[in-house]
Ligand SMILES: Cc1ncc(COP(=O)(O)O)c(C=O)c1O
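Okay, here we've got a single chain as structure tokens, the form predicted alone, with questions on binding and movement later.
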């Protein structure tokens, strides 16, 4: 590990700080038995805290890699504007990285149903939102989608579209940093990797790298169940907009519901792993997959012969704060304490 004192200084200090390769390894934290119902079966479940990247979310890694690769290839010469399709973490990370490569004008296509809170976050980071009504039944390349409109804008002089849904620098970031860290942190003893399916960069990059080292690894993709909402993750219908051939990198798919994603995120946060709803979705994907294996008495076909354990890893993309009000919408009220003397509040919504 380089820079053990974790100091960044000099004229390019922030740019160096934003480089995932110049930071200490992100924590890999084992969940206790209170969160892991399969601990008695010698199943170990680890959370990879991608929310502890410098920008606080998993998109910081592909954002840096996409911009750096375009800089090294000369594609940023003459560029004065970046446009992306994103309503949150990706474009925020791209904007904060791009400014250190000399580009300050950032625009983003956002869906018409974007929350006001997320819109304010984009404005806070100096990003110009372009509201777009997304097609109800999208197909790949649909010209009415924000993805296609961002790509079309990039045909103009001085404009680029990083293209998180089709730029292989997205999954390459996870090959370069995330998977290598997980492999070393588990000493190669990883049996199940599960990630949420959004742009699919996380699952493709980790699958390519980890399976090249251990072909028997099971890769589980967690997607939103139909008509369920979890920020940053897509339903099977919405995954049609993704340009990557992600299915060939996934061994099994779990469909996860909104309420379960938020509840598991809440439980992890209360245990001290403060993560958001997409982390809860990935964790749910692990638990659902394990439930199926146990019901079919298939644990032994995955169990590591050297350790006697089954080791699972899932990435945690971000924290809960941008979605705080949503927990009170999707989690049963019995999970929250009552407010004493509530009638005395002066600013009750």
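Residue numbers count along the first chain shown, from 1. None of the values given here were measured: they were computed from a predicted structure.
One more form of this protein, predicted in complex with the ligand, exists but is not displayed; see below.
Asks: With the ligand left out of view, which of 210, 233, 192, 241 would have a heavy atom within 4.5 Å of it in the model of the complex?
Replies: Of the listed residues, the single hit is 233.
Asks: Just one of 261, 93, 200, 178 has a heavy atom within 4.5 angstroms of the ligand in the model of the complex, so which one?
Replies: Answer to the contact question: 200.
Asks: Would the ligand be touched by all three of 278, 317 and 323 in the model of the complex, meaning a heavy atom each within 4.5 Å?
Replies: Heavy-atom distance to the ligand in the model of the complex: all three under 4.5 Å.
Asks: Residues in which of 96 to 104, 127 to 135, 153 to 161, 192 to 200 have heavy atoms within 4.5 Å of the ligand in the model of the complex?
Replies: That would be 192 to 200.
Asks: Although the partner isn't part of this model, could you tell me whether residue 48 comes within 4.5 Å of the ligand in the model of the complex, counting any heavy atom of the residue?
Replies: No - in the model of the complex, heavy atoms of residue 48 and the ligand never come within 4.5 Å of each other.
Asks: So in the model of the complex, does residue 89 come within 4.5 Å of the ligand, heavy atom to heavy atom?
Replies: Close contact exists here: in the model of the complex, residue 89 approaches the ligand to within 4.5 Å, heavy atoms only.
Asks: Using a 4.5 Å heavy atom cutoff, which residues in 57 to 73 contact the ligand in the model of the complex? It's fine if the answer is none.
Replies: Counting only heavy atoms within 4.5 Å of the ligand in the model of the complex, the contacting residues of 57 to 73 are 58, 59.
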